[in-house]
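Each of two forms of one protein chain follows alone as C-alpha cells, named structure 1 and structure 2.
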Structure 1
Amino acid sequence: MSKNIQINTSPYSYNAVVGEGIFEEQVKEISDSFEGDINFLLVDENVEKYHSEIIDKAFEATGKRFYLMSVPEGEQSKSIDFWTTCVEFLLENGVRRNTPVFVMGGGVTGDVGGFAAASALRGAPLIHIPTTVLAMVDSSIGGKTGVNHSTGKNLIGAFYQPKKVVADIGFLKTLPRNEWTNGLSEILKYGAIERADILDRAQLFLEDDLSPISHENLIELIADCIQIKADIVEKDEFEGNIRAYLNFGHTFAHALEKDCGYQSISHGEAVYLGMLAAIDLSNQLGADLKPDKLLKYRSLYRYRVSKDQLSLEDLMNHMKFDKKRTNQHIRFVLLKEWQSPVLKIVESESAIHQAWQTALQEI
C-alpha cells in the first residue's frame, strides 16, 4: 500500500509518496529521471548504520556513480560549519544542476542537507527521504531548509522545494521509542489546528509495543498530515500569513530548545510543552479549551530537564529573538477553539508568564 500526495508550489509541483518497501524502486525511478551519471546521498549516521545494506543495494542498482556523506546525529550538525562541509562535498565531487542530491534522515539531516542542495550551484535537485515520523509529517514537506545560529534556531536558510519526498515506513522499525514520540507532537499539532479526528487516530502511539500496529493506519495518518501541510503551503508558500499556523506551539518550543542548548530537550518534546502553553494562553485571552486532548499523551514524554533548571526570564528573552517576532511584542499562533487557529500579538508579559508556568508543571 502506498499513498501519493501532490504538493503545488510556485516553482513546480512535486509528489510525496508514503508507503512500505518503496525505497529501492523509488531511488531507481528518481535516478533514471535525471540524465547525469552521479547520485549524491547525505545520510544520517544512524540510518547508514542500520540500513547500509538496503542503501547500497538501491544506489548500486541505478548503475551510476554514488557519493555518500554521513551526517552526525544531533542538532549540532545544523551549523554553518557543517553546512559548509556538505557544500564542499557536493562541489568537490562534481555536482551539476542535473545531479540529484538525496537527503536521508530526520529533520536535522533534511534541514542542513536541503540547505546544501539549495546553495550548491544555486540549486541542485533535492530528494527528501525522511526516516523519522517527525520528518515524514513535517520537516521534509514545504521547502524550509536551514541551519541554526548562536542567536536562535533556523535563522539561516532558504525556501527550497524538493523534487520528490519518499517516506518509507520500513525505516521506522529501527527508530527509538522517543523518536516516535517526537513525531507525535507534530501530528497532534495538525489535529489541534485542522482535523479533530487526528487527535484520536494518534492513539496508536499509546500502544506499549508499536511493532504490531496497523501499517495501513500509520501510512494513512502520515499521508493525511502531509496533505494538511501541503494544502497550507500551497496557499502560503513563504509564510506571509496562514502558513504560520503550522508554528502552533513553536514560539514557546524554540525558546525551550535554545535554553537547553539544543541538547537536553528534543524538538518534539519542546513542541508538546509549547502547545500546552499556547492552549493556556489562548484560554487567558477568551478561549475555552480543555487540554485533555493533548494531556492523554503526556505519559509518553520523558523529560531530561527539570523545571528548576529553566529560567522564566531567560525563556522570555529567547522568545524575543525568535524569527517569528514582528515588532516589540511577540506574535503567537493561538486557538479560538479547537481546529480554529489565529495569529495574535500578545502584549501582556504576565499572561505569557502564566502560560509558561502552566506548561512547565508537566515536566
Structure 2
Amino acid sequence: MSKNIQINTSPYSYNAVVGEGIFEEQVKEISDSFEGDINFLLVDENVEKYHSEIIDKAFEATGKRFYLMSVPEGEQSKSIDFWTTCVEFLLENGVRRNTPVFVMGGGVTGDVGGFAAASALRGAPLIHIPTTVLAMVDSSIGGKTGVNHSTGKNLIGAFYQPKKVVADIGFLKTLPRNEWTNGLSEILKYGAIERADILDRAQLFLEDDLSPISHENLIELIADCIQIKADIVEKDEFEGNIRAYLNFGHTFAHALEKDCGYQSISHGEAVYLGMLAAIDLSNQLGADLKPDKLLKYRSLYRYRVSKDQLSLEDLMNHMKFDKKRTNQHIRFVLLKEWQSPVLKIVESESAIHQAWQTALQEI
C-alpha cells in the first residue's frame, strides 16, 4: 500500500509518496525522469550504515553513475562549513542544472542537503528521502532548507521546494525509539490544530512492535500529516500568517530548549510540554480542552532534565526574546477548541506562569 499527496507550491506541484518497500522503484523512476548519466546522494551516516545494501542496489539499478556523500549525524552538520563541503562535492563531481540530488536522512540531512541543492548552480533538482518520523511528517515538506549560525538556529537558508518526497517507513525499523517521539510530537500538533482524530490514531506509537495493520495505519497517519502541512503551506508558502499555526506549542518549547542549552531536552519532548502549556493557557482564556488526549502519550517521554533544574523566571525571559514576540507581549498559537487554532497576544504573565506550572508537572 502506498499513498500519494500532491503538494501545490508557487513554482510547481510535486508529489509526496508514502509507503513501505517503495524506495528502490521510486529511485529508478525518479532517476529515469531526468536526462544525464549521474545521480547524487547525500545520506545521513547512520542511514548509510544500516541500509547501505538497499541504497547501493537501488542506485546501481538506475544504470547511472552515482556519487554518495555521507552526512555526519547531529546538528553540527547544519553549519556553513558543512554546507560548503556539500556544495563542493556537487560542483567537483559535475552537477548540472538537471542532475537529481537525492537527500536521505532526518531533518538535519534534509535541511543542509536541501540548501546545498538549492544553491549549487542556483538550484539542482532536489529529492527528499526522509528517514525519521519527524522528517516524514514535517521537515521534508514545505520547502524550508538551511543551516544554523552562531547567533541562532536556521538563520541562513532558502525556501526551496523538492521535486519529490519519498517516505518509505521500512527505514524506520532502525530508528531509535527516542527519535520516534520527536515525530510523535509534531503528529499530535497536527491533531490538535487540524484533525482531532489523529490524537487517537497516534496510539500505534504506544505499541512495542508495530503489527502489520499498524504499518498500514502508520502510512495513513504520515500521509494525513503531510496533507495537513501541505494544505497549510499551500495557503501560506512564505510564512506570512496561518503557517504560524504549525508553531502550536513551540513558543514554550523553544524557551525550554534554550534553557536546557539544546542538550538535556529533545525538541520533541519540549514540543510535547509546550503543547500541554498551550492547552492550559487556552483553557485559562476560555477554552474547555481535556489534556488527556495528549497525556495518554506521557509514558513515551522520558526526560533527562528535572523540574528543579528549570527556573520559571529564566523560561519567561527566554520567551520574551523569542522571535514571535510582539512589542512587550508574547504571541501564542492557542486553541479555541480542538482543530480551531488562533493567534493571541497574551499580556497576563501570571497566566503564562500558570501554564508553565501545569506543563512542568509532567517532568
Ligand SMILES: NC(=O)c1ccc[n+]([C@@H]2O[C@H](COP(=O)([O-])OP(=O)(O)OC[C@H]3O[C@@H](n4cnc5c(N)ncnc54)[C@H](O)[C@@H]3O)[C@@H](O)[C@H]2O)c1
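Between two forms, the rigid core is defined as the largest C-alpha subset superposing within 1.5 Å. Every residue number counts along structure 1's sequence, beginning with 1. Remember, predicted model here, so these are calculated numbers, not experimental data.
Here, the chain labelled structure 2 is taken from the form predicted together with the named molecule. Annotated hinge between structures 1 and 2: Pro212, selected from Pro212, Lys296, Lys49, Gly21 as the site between the two rigid parts. Domain rotation between structures 1 and 2, with the chain taken as two rigid parts and C-alpha atoms superposed, amounts to 12 degrees for the smaller part.
On a core-based overlay, Ser350 has a Cα shift of 5.8 Å between structures 1 and 2.
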